[in-house]
Every structure is written in structure tokens, then in C-alpha cells.
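Form predicted on its own, single chain, as C-alpha cells, below.
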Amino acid sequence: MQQNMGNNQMLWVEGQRVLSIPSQPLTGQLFIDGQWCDGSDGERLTRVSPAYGVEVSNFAKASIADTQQAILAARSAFDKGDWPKMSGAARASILNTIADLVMAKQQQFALQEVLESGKPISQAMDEIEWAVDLWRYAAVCARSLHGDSFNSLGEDMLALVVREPIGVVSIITPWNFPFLILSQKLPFALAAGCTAVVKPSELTSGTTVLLANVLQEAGVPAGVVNILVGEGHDVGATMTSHKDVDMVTFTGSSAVGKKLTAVAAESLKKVSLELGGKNPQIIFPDCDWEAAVDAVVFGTFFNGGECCNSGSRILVHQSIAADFEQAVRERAATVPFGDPLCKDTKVGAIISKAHLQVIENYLKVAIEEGAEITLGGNRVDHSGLYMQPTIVSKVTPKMQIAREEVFGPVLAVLTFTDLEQAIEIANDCLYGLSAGVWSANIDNCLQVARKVKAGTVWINGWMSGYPELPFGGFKQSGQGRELGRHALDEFTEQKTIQMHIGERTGWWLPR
């Protein structure tokens, strides 16, 4: 059943569900050195669904001691085990098997993501499929990892530059795309020959725990991947500071990323960060109107706006601003939001009560600064945590909502007068993850693509992605890159090998 609910006659969805809520929560233990075990403190973490208000998972909670044990298992597996020594083809075969097994369990993985995160089931199903594609691409990378040779250094010298796995990798993932973001990291670390300790967000640990069974079935040796459910202040901190960890890769907020980097710097660990974004779409008068309107609505409300790539601010040329905003508002008002297990739902629940309050506070400040909410703006009185798709107008570049990451279903609308001003506004931000430009004039598009400081720039499109293309940000959106043919570089060290040919004389002897 679909109902009009709240202001602006917005489309609330509830009714027949694609899948049913399980009668019992998913339960699990820690996965350390190939074995399931309870935490040393005997504590457990429970997760109540933000969409349904019922317990949907219950896992053993890791302590600092458990984290240390997992790191030592990964260390031993790297230093003494077979995984780093295996051929690329052998590792690739196992990664492809993991992909096949996850795809066979797609519905189970997707349902758990819906229950823990509140995202729509249709999106969760797609995400598992996208993640599987990443595992398969990583398998290709495992077979093609190579270095360089130098045969031009003189008759007496041949040199090789080889890539070796960096060692033990701590992988810390967020709650918004739990399995997809794990799959942007773990398979590439494994393809390079590394071992890993993984900590998912305590809010959305289910699919990562489910993966442990798949890893065992696929034949990943004990200790190569260790999975901990726990909290950042003890588990995450230990994974970052421990002397036996060689690298940390983290996706999450820029604030946490800065703290993590400071801790890792004490031991000069390698750090890879994928952090926040305040991503602009720049709309010129000669845009493809229908495509741009649809992309703005999609870019804002996909995953409820809980997305680092969210197109959370648009910069519209002032000559079309009123009409374009009206078109976006009319389209956004038809976006079905509500019960995430209904097949038509496009926007589900907000991750937590605390985060819902953060979103509401941004809207409160926006109004105080002179902006105007022209669509939505309210939470929905329902058993779950729901926020209406929201549009904020009359936004100026210095307002908080124009500069900071709201991480919710909220669009900020700004205007510009010419290309130079659009680029200036787009760059006047701490973040630089992604950006988009909509114009039939390729010169405008290429100037934006060249001058906007962002890791990804979409031209007449938004948020498409491929395993072959690198992903990461400028400025406070992070450091390093995931995906693409250089993804394995993040998890390797370069070693130069120089081979002398023929007789060598000492420097103190006559030649």
C-alpha cells in the first residue's frame, strides 16, 4: 500500500514485502585464526533494526585482547603461512570461488544488510552483485601483478623492481555500504598476498560475519582473514596502533580518519583513507533537462543520502535556477520512501536515532542562517527511523549546509552566474571526492573536469562506477586510491633488486 504522508504530499510506502523479517536475529562469534570463538570478556553486541525496531543481530564482542590475538594470527599467517607464497593464479582461483559462493547467497546477504542498515532491498541486492564483481576483478589483478626490469644500466648490471605484499592489513569499514566497501578493500589485499584483520561497523556487522563462512568454504587458509565485531575506541584503536600491523585502510568520516592517521603515524604505518564528500553537480542552461533532474534526485536520495558520493549540493545557473529547482522538487516528491523490504521503496530508514538528530540539526541551522526548506524536512512518525526526502533552497556558499557533509536525504540548492564562479564555489570546500557537470558544451564540461578538485568528475552522468576505474578523493576526502589496476599497489611495497654481471673490483683497487 502507498500512502501520502507528511507535508508536501510525499510518497510513503508500506505493504507487501519482498522478503520476511526472520523470527530470530542472526547470531555469531569472532573469527580468529580460522576458528569461531566468543570474546574474552564474554560480552555481546546487539543490533536493533532502524527500520523495524526489532533485534536483528547478536554477535560476540571483541576486546583488546581478542584484537591482539587476531593480529598475531594474521602476522603468523603472513610470516609463516602459504598465502603470500602462492601463485597469483592460485589466489585468483580462491577469489573467484568466493565470488561464486557470495552470489549464491545473494538474498541472505542482502536481507541482512536491509535489516541492519535500513536500506531498500532492491538496492541491497544490487550492492551484493556489485561487490561480487569486485572480487572477480581482484582475481584478475592477482594474476597480472608485475614489476619492471632495467636492462639499460650498463653491461655489468641488470635490475628488477618487484612488488611484494605489504604484510598485515587492518581493514576498518563503515555502516553505509558494509559489504560493498569491504569488497573494495579485502579482495585486493588478498590478491596482493596480504593477510588481514577486519572490523566492520558495530551497526552493520552481519554481512562481514557471514563472509567468514564463505572464506572457509572457499579454502582461505586459517589466519589469513580474521573478523572482529567491536567498537572503535578499543578494537579499531588497537588495529591502528599495533606494531605487527603494516597498513591500515579505513573508510568513514574525515574526523575519525584524522585521528586514525595520527595514531598510525607513531609507527609510520601506511594508511589509505576514503573519507567524506560534499559533492557538487554543476547544472548549465544547455543541460539535458530530464537526465539532469533525474541524476540530481538519484544523487541526493540514493541510500538515503548516507553516501560519501552523495550529490548533496547542486550549483544551478541562475537563468534556469527557479524552473530547474521546481522540476527537481516535483520529481523528489514522487520518490517512494518507507519500508525497505517493499520492492518499490527507493529511500529506507536512517541508520540510528543519533544520526537522525544530526540531520535535523543541520536543517535547524540552515533555517537559522537564512535558507528555506521547500520539500520534506521532517522525520516520519513511524515505528522506524525515517526522514522525508528534503530540499533546502536559498543556500549560499558560506552556509554550513553548503559546506559540511549532512549524510542524509538532504539537497542544498545554490546558484551561479558563470563558469568561473561555479568552479570557485565547487572548490570552496574542505572535501574533494567527486563532482559532476551537466552541459551540451564540451568546453564547459572539460574546463570543469580539469579545474574542479575532485577524485572523480562525471560529465553528463552521476555515480556510475566500474572496478577498472580508481576511486578516492582530494583534500580531506582521503588519501590513496581503491579499485582500478593500481588498487594492488596500495597493498604492496616496491623492492629494487640489482644484479651485478661479471667480475667486480673494489673501489680501492686499480681497475
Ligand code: NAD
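Source: prediction; values computed, not measured. All residue numbers refer to positions in the sequence shown, first residue = 1.
What comes next is about the form predicted together with the named molecule, which does not appear here.
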Practice item. Let me know the one among G206, G276, G223, G299 whose heavy atoms come within 4.5 Å of the named molecule in the predicted bound form, would you? Key: G276
Check your understanding: Can you pick the one in K364, K259, K243, K343 that has a heavy atom within 4.5 Å of the named molecule in the predicted bound form?
Key -> K259
Exercise for review: Mind telling me which stretch in 117 to 125, 150 to 158, 173 to 181, 324 to 332 gets its heavy atoms within 4.5 Å of the named molecule in the predicted bound form?
Suggested key: 173 to 181
Practice item. Report yes if any heavy atom of F474 sits within 4.5 Å of a heavy atom of the named molecule in the predicted bound form; otherwise report no. Key: no
Practice item. With heavy atoms only and a cut-off of 4.5 Å, decide whether E266 touches the named molecule in the predicted bound form. Key: no
Practice item. State yes or no: in the predicted bound form, is some non-hydrogen atom of E405 no more than 4.5 angstroms from a non-hydrogen atom of the named molecule? Key: yes
Practice item. Tell me, yes or no, whether F416 is in contact with the named molecule in the predicted bound form, where a contact means a heavy atom of each within 4.5 Å. Key: no
Practice item. Report whether all of N96, P187 and Q216 sit within 4.5 Å of the named molecule in the predicted bound form, measuring from non-hydrogen atoms. Key: no
Review point. Listed by sequence position, which residues of 175 to 204 have a non-hydrogen atom within 4.5 angstroms of the named molecule in the predicted bound form?
Key: W175, N176, I181, K199, P200, S201, E202
